[in-house]
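Given next, in structure tokens, is a single chain: the form predicted alone.
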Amino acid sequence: MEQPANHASAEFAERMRAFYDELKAAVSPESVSATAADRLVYSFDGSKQQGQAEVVVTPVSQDEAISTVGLAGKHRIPLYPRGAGSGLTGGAVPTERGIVLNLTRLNRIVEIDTGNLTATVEPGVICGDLDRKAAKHGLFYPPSPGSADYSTLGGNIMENAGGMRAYKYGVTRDYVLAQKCVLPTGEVFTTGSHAVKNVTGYDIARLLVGSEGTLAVMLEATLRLIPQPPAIGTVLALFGADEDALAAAQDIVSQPLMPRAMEFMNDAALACVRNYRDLPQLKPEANAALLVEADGPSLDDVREQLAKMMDVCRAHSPLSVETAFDEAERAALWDVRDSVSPAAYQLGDYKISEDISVPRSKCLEFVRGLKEIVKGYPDPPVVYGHNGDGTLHVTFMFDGQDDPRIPAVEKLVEEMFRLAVSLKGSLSAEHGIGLTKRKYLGIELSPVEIRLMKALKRAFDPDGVLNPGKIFPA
């Protein structure tokens, strides 16, 4: 094991040496790295915020993870749990010298219980891998963030990931039945139940969902599965203006219709996609798009659902409405939506991407307000998202982290958050607060709520070892 670099105070260095000496006896040598390359790689996440990892521990077993967390607590060394590092708010970034706990090797799907419709998994399991494994049993894990093919379930749970199918099926917290976790004391506990119903005491299992690794480190989770829907259909409706698309979406929401997914893309988003890929289904005159998907027990049922949704779309003067039921044809329609995020990088290599949410019926009002906020800013944001559940991603692109436009956009972002909250929404739907949004926390939460949350943090982690510097303002 290479020794960690000594860049901190003498007192911290002594605690770090004591931690390291005990760690060598508790974990295998290949589980620990203090090389400059690994310390750099694990110092940032998808937000491109960067910290300074002192040591990277990648446990090969739950026992190694338990030992690492317990020793970090014993010696009061900051510990930063992480999965794939795909988060967009700096949630996995080490804000102080300390230990990055990389949980990607804890990647077993422990059990698919077809009798009880559950899956028990370790935190390093890739979200999409669970969905594919469940499908072999005729089952379905509905939470589907855009990062499902590479993000880990531990990260999804700690951020309460949402995604494309949340409108009909809910978000990650709706599928977490039980968790096995470790505290900085080294104590391991299981919370929740494998049963569908459980009202014994406080619901700690759900409290931990969305806690961003600040309360405990997850070792295992039991998740609810549902039967795989037999039939799926997709509609891509293109419009001349985003207000027409959003009005159509609002009308769909206000009727007794239940899409599996409903995705919106504005003119800036579609312009990026056109420059990024040649997609014949994306007409050049389209300035907004609505992608709607339905599932059900039979193809006839799905056709009937989509016919009603298409009728709603046609009442708002679409340029075209295209339907697909074949898997390959559906994938071609989804190509428009799936291309938005990578296509945006044509505008710059650094982004500020926010994930506000508002009540479903307020998406149109929010977008109108956003246009007023950014009026005069020369580069309109790329706006897209899961407007079926009121989630919109507002993305500004820049030429690096030193782009002189960033301070002006940060002021616009604060106004945007205030707008979302004034509409009874939230400044984060699914990305979490992490590092990048902590200074805005008071826009949404009252002093009483923040005080209670800090008290919970102290109860779980009295020395502030777990993921310090996240959620709460500095």
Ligand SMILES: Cc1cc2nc3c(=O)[nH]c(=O)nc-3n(C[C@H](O)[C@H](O)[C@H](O)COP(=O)(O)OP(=O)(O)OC[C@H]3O[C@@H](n4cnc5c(N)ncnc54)[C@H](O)[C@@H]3O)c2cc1C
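These figures come from a predicted structure and were not determined experimentally. Residue positions are given as counts along the sequence shown, with the first one as 1.
Separately, the form predicted in complex with the named molecule exists; it is not shown, and the next lines address it.
Checklist entry - Exactly one of Gly192, Gly369, Gly163, Pro259 has a non-hydrogen atom within 4.5 Å of the named molecule in the predicted complex; which residue is it? => result That would be Gly163.
Next on the checklist: Counting any non-hydrogen atom inside 4.5 Å, which residue from Ala72, Val382, Cys313, Ala216 sits next to the named molecule in the predicted complex?
Outcome noted: Only one option qualifies, and that one is Ala216.
Next on the checklist: Within 4.5 Å of the named molecule in the predicted complex - does that hold for a heavy atom of every one of Pro94, Glu354 and Ser426?
Outcome noted: No: no residue has a heavy atom within 4.5 Å of the partner.
Checklist entry - Does Leu88 reach the named molecule in the predicted complex if we count a contact as any heavy atom within 4.5 Å? => result Result yes; Leu88 sits at the interface with the named molecule in the predicted complex.
Next on the checklist: So, Lys437 and the named molecule: in the predicted complex, are they within 4.5 Å at any heavy atom pair?
Outcome noted: Residue-level check for Lys437: no, no contact with the named molecule.
Item to check | Gly233: touches the named molecule in the predicted complex, heavy atom cutoff 4.5 angstroms | outcome: No - in the predicted complex, heavy atoms of Gly233 and the named molecule never come within 4.5 Å of each other.
Item to check | Gly98: touches the named molecule in the predicted complex, heavy atom cutoff 4.5 angstroms | outcome: Judged by the heavy-atom cut-off of 4.5 Å, Gly98 is well away from the named molecule in the predicted complex.
Checklist entry - Pick from 79-87, 268-276, 221-229, 323-331: which stretch has a heavy atom within 4.5 Å of the named molecule in the predicted complex? => result Every other range fails; the passing one is 79-87.
Checklist entry - Going by the named molecule in the predicted complex, which residues of 96-122 come within 4.5 Å of it through any heavy atom? => result Only Leu103 sits within 4.5 Å of the partner.
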